[in-house]
Every structure is written in structure tokens, then in C-alpha cells.
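Starting off, we have a lone chain in the form predicted alone, written out as C-alpha cells.
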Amino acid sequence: MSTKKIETHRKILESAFRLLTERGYHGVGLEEVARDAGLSRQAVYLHFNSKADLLVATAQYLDSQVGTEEFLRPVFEAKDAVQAMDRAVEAYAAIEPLIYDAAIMIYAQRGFEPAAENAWQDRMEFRRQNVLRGITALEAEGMLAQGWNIEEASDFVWSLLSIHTYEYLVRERKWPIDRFIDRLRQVLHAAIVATPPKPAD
């Protein structure tokens, strides 16, 4: 992709993200995105075949804008799977406030609009794959608690680290973010982390 095309692509995504967050999915058309970006409608259609494609791309763009990869870097650099899990909770707590408005907008439309459902599932699959890698590492190191398999443990952690957990506890119940992180870690350690064997006398 040429430099000009990359710049046009970025302009479209920036305008789409701003307008969708402000007005909601139904309040924005491709023509408005084009106008806001200072482009022709045809230019937008050259990059995105439909509003559905644009919504999915906008959700992915949000990850790059909030620095998701940077937030996750300490997770991948952890010395072991338990430390990686602890750091993942910190990353989740840092990312969630930055994506909350857009995520809730997409979630609210997913039952009515296939585009919103596609965007939601795309982002949830991205998140679940990260969790799955962590749980697979935990199991490989012998630190997955007895009674759990990788799939069920991944489902459990993925659901716990959801936008709704953040919404209910931090936004609605006003938990300080440090307490939120500590409680999530405690729950995860108690539920899915194996107790290390006691050293022999």
C-alpha cells in the first residue's frame, strides 16, 4: 500500500472512530465519514466495501491507537505464566477505560446489526486467543489447578476479563482501579493456579 493510500486509510478510520463514538452506529453513514475525513465517498468505498467492513476495521484500529501491543508487551516478557497472568490483569485494567465508549457502542448494536456483531466477535476472539496462550503456558508449566482443562480455564478468564466486569465494578460501583486489579488477581490465583508443591524436608 502506497504512502498516500495509508494516509487515506488512516483518515477514514480516525473519522469513523470519532463519529461512531459520538453518534452511534445508526447515526453515521459512509458519506458522513468521507465528508469528515475530507475525502470523496468513492475514496471511502475504495478502502471499505461496506459500513460493516469499516466498523470491524475501526474496532481493530482502536487497539492500535490505545497502544494495546505496548500494554501487552510486559505480559509476553514475563518470567513465567503466573507472572504473565498477573501482568495481563494490569494490562486489561489499563486498556479497558480507553476502549470503553467504543466497545459499549458496538456491544449495544450487536443484536440488531450483523456489522456490529462481526466487529464484536472479531475483538472478542482477539482477546480470547491472548487468554488461551496464557492458559496454555500455565498448563505447560504445571501450574494450572487440578480440575481445569485449557478450554474451560480460558473461557473462565476471558469472561472475567470482560468489558462488563470493568463496567460493573469500576464504573458503576466505583472501585479504585488498584483494588479492582488486586481482587481479580486474587480470584484468578485461587481459582485456576495450582498450589506449588512444598519443598521436601
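All residue numbers are counted from 1 along the displayed sequence. Everything quoted here is computed from the prediction, not taken from an experiment.
Heads up, the form predicted in complex with the DNA isn't pictured, but that's what we're talking about next.
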property: Contact label in the predicted complex: Gly67 to the DNA, heavy atom within 4.5 Å; result: no
property: Contact test in the predicted complex: Leu144 vs the DNA, heavy atoms, 4.5 Å; result: no
property: The DNA contact at Leu46 in the predicted complex, heavy atom, 4.5 Å; result: yes
property: Interface membership of Leu39, the DNA in the predicted complex, 4.5 Å heavy atom rule; result: yes
property: One residue of Leu169, Leu30, Ile163, Val56 in contact with the DNA, assessed in the predicted complex (non-hydrogen atom, 4.5 angstroms); result: Leu30
property: Single option in Ser159, Ser50, Asn149, Thr136 placed near the DNA in the predicted complex, where near means a heavy atom within 4.5 Å; result: Ser50
property: Candidate spot Arg110, Asn118 and Gln121, all three touching the DNA in the predicted complex (heavy atom, 4.5 Å); result: no
property: Which of 30-38, 170-178, 136-144, 151-159 sits within 4.5 Å of the DNA in the predicted complex, heavy atom basis; result: 30-38
property: In the predicted complex, whether the C-alpha atoms of Ala52 and Asp122 sit closer or farther than here (change of 3 Å or more); result: farther
property: Sense of the change in Cα distance from Phe48 to Asn130 in the predicted complex - at least 3 Å versus the shown form; result: farther
